[in-house]
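The chain below stands alone, shown as C-alpha cells; this is the form predicted alone.
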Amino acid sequence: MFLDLRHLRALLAIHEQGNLSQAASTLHVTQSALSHQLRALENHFDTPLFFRRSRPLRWTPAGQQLLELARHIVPEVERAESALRSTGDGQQGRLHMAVECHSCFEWLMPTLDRYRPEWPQVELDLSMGFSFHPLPALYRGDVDLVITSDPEADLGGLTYVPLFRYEMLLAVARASPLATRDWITPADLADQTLITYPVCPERLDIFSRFLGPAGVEPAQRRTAELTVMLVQLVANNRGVAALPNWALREYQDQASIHGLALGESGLWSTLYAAVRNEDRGKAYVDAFIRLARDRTAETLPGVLPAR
C-alpha cells in the first residue's frame, strides 16, 4: 500500500495553511521534501492533486477525495494515539470490579462516588461476585479488580493488595442465651440456624476458619441476600449470623442484636483488592486502592490497617 499517514497529514497541513511553504514549516520538513511527497503521490496515482496555477491553491477532484479521507482518518488516529498514551501512563483505562463481600457496598459506593470525578477517563463497572468465581474471571481479564477476603494462592498472575483488617463477629438476638457469653466456641453453633449470604460455605470464613477446623456443622443453614434482612432475621431470633464488625455495629443500636467474638482471640480477616500483576503499577488502579484505604480508615469502626 503506497498511501500512508504522513501523506494524509501533509494534505491536511496544506489545506489548513493554504500553501506549501507554511505547510512545510508546520510539518517540520523542507518545502522541497514536501513537494517531493506530493509528486510521488501524483505519480503513483497518475493524477494531479492541485491546480497549480490557481491562487489561492485549488484542489482537483482527486486531491479533494484524498483531503476528505485525511479529514476523517487523521483525527481518529490522533485520538487513538492520545488514548494509548493515557493508557500507557495510567491516566485512562478500564476498572471493572467484582465484589465477594455483600457488606462492602456500605463503604465501596461512597468510595466510587469520590473516585469518579478524579478519574473521569477510567471506565468503571461493578458486579456482584456471588453468581460466578471472580478470581478466575480476573485472571482471564473479564474483570480488573476483585474485593475479596479469600486469596487463591494457586492462581498465578495475581497480586493481593491488603486494604484493612477486620473482626468477624457472631450476631445473636439479645434475648438469645448465647448473648450472655463473652465469646463463642464452634460447639455453641451445633444446635443453631446459621444465616449467611448466598455464597458457597467454603468461601465463608465462619465455615472455612471456624467451624470446619473443629469438625462442627450448624443444625441448619439459611440464606439472605441483603444485610438488613439478615439482621432482622437474627433480631427476631430466627438464627445467628457472622458479620464484619463494622457492618454489625451499624445495626446494633437499631435492632435487638448483640455481637460476640468467634473464639477467645476473635476471628480476624483481611480484605484485599486483587489485581493482575501487570496492572498493579497503573496510576488509576493505585489511586483506587489508596482511596479505598483512606475511606475505610475514616468511616469504618473497628477496622485496623492491613499488615
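Numbers follow the displayed sequence, beginning with 1. If you superpose the two forms and keep the largest set of C-alpha atoms that fall within 1.5 Å, you have the rigid core. Since we're looking at a predicted model, the values are computed, not measured.
FYI, the form predicted together with the DNA isn't displayed, but the following is about it.
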Exercise for the section: With heavy atoms only and a cut-off of 4.5 Å, decide whether residue 299 touches the DNA in the model of the complex. Expected result: no
Handout entry: Touches the DNA in the model of the complex: residue 289 (any heavy atom, 4.5 Å)
Key = no
Exercise for the section: Report yes if any heavy atom of residue 20 sits within 4.5 Å of a heavy atom of the DNA in the model of the complex; otherwise report no. Expected result: yes
Exercise for the section: Spell out, yes or no, whether the shortest heavy atom distance between residue 69 and the DNA in the model of the complex is within 4.5 Å. Expected result: no
Practice task
State yes only if every one of 30, 33 and 52 has a non-hydrogen atom within 4.5 Å of the DNA in the model of the complex; otherwise state no.
Solution key: yes
Problem - Options 34 to 42, 60 to 68, 242 to 250, 268 to 276; stretch whose heavy atom lies within 4.5 Å of the DNA in the model of the complex - result: 34 to 42
Problem - After fitting the core, residue 32 CA displacement of 2 Å or more between the shown form and the other one - result: yes
Practice task
Determine whether the C-alpha of residue 279 shifts by 2 Å or more between the shown form and the other one once the rigid core is superposed.
Solution key: no
Exercise for the section: Take the rigid core as the frame of reference and indicate whether the C-alpha of residue 263 shifts by 2 Å or more between the shown form and the other one. Expected result: no
